[in-house]
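For this one, two forms of the same chain are given in structure tokens, first as structure 1 and then as structure 2.
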Structure 1
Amino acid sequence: MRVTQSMMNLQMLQNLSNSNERMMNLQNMLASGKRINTPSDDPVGVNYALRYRAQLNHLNQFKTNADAAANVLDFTDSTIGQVTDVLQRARELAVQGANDSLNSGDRQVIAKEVEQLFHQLVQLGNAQFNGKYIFNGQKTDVKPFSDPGSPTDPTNLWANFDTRSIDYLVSDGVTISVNITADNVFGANSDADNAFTALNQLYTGLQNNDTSTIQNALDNISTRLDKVLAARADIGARSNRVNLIEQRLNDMNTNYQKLLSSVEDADIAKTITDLKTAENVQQASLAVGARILVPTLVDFLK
């Protein structure tokens, strides 16, 4: 086959074009840090990358739910801890008030502190997290307790009370209830050891200088305190489970990140080496091309 000057020129241009395209691809890989920048770079790899990204988005939503659940449970645990402090103090005052060595005036003084504990307990029952009442079931926008202004009438506290649970989806097929209703902490309205009723009983006994009533209040406060501690243990157990789920989600996220990286991330050291090689090839192509294009009619007549 006869090789003409035009054929050599076209072949040289084609080689230069291929070299430039290869350099451009390598430069894109270095600039983005990705081996796959367009679907045509690796169609099979793109399919895997999309699958891994979908799974990561799935896990991230579960992680967000688990974080939110952990925050609610931590706040609830802290609030129940404060309820425990109030009841423990009330029990101490009940023990003190039941002492026969005290006179009526002494018990009147203790009753003043019991009254303050009552108001503090109402405030804790109306605790809010992110603007939502934590002890009123799914009625998070409704205050569960109305402070009567005095411990003398606790029956009017339970104006708006809901017992439904609030569940968070924290993993595939796994939901965690993040709330505990008021009846499990403070007691139902009809319970003898209802926290507010017990404080009312203690307050009334101290006001009336009645040690028998104070003793009954002490018993009710003690049983309620045990139930509050059980409720706190329940919240703590749920919180621990959420923490374990969060750790598992983090591990799964790391695994999928590694898989995604192995598919679409560029090997920077190899890419730089390939780019330098491509630059050398291009320089050699340009040098050869210069030698092909240089000859003129005078060169042939020499």
Structure 2
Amino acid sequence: MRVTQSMMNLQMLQNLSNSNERMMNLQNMLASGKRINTPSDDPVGVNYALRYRAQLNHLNQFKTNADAAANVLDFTDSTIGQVTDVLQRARELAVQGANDSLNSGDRQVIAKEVEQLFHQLVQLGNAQFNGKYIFNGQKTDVKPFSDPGSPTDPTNLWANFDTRSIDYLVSDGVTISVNITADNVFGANSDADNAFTALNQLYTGLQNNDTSTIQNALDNISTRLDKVLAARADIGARSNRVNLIEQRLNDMNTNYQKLLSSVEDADIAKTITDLKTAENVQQASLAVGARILVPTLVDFLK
């Protein structure tokens, strides 16, 4: 084949431009830390990268949702704990009041404390988390109980009443109810062992010096206490579930980060090695270019 100077010139330019392009790609990979910078770098990989990115995005949101759920559940748990304390004290007082050795004056004194307990229970029923009433279903901006001057029947207390559940999305397609409604803690109005009914009963019994009513109240408070404990156990179980989900979300987050990195990130050691190789090739082709481009017969004719 006949070879001319311009052919060699062209060939060298082509090779130089190829090695420049290779170096540019590698430098781009190193600078961005990413193996995939445009979809055409790896059409299949980019599909996975987008999927993992989106998945991480969702996981972060679920984590936020689960954190919020855990906070509400923790607060509810401690509020129900206080309800338990109030009811336990009421039971002690009822036991005390049922004692036949007390006279009516003693019972009046106990009745005073029961009245205080009643008010405290109303306050607990109106407990707010982040400005939202936690026991009133979805009507979080409405006070569930009105506060009467003295213990009274629950029918006079319910201002508004909602029993619907508030659900948070904590995983793909998994919602968890973060609230417990007043009827599950304090009892429905018609329940004999409604906490307010029972306290009212105890209060009336003490005031009227009526031990059989006090005895009734004691039974009701006891059964209510069991139900409150059951409600607290329910909240505790949900809280546990949220914790488990949070842990799983964290694990998945780590996994997806790893997957994303394996698809998208450049292998730095390999890329640097490749870049070094490309630099060597580049220098070699420049050196060769300097040799072949200069001499022609012209240089030797004098």
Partner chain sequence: MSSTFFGLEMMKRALFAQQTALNTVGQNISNANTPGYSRQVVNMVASQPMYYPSMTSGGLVGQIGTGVDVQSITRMRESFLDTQYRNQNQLLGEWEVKSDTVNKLQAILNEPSDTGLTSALNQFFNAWQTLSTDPNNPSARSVVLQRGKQLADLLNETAQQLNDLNNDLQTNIQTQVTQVNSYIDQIQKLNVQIKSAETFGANANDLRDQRDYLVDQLSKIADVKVTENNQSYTLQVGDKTVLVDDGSTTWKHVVYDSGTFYTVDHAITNPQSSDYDTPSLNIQSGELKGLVDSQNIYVDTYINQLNDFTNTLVTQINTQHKQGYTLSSSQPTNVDFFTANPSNPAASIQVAITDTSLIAAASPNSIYTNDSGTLSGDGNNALSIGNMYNQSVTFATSSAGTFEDFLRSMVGQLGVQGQEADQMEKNQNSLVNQMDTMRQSVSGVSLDEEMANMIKYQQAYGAAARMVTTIDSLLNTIVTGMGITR
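Since the model is a prediction, treat every value here as computed from it, not as a measurement. Note that the rigid core is defined as the largest set of C-alphas that superpose within 1.5 Å between two forms. Residues are numbered by position in structure 1's sequence, first residue being 1.
Quick check: structure 1 or structure 2 for the form predicted in complex with its partner chain? Structure 2, which is the form predicted in complex with its partner chain, differs in this respect from structure 1.
Smaller rigid segment rotation relative to the larger between the two structures [°]: So the smaller rigid part is rotated by 11 degrees.
Per-residue Cα shift, residue 40, between the two structures [Å; core superposed]: Superposing on the rigid core gives a C-alpha shift of 8.0 Å for residue 40.
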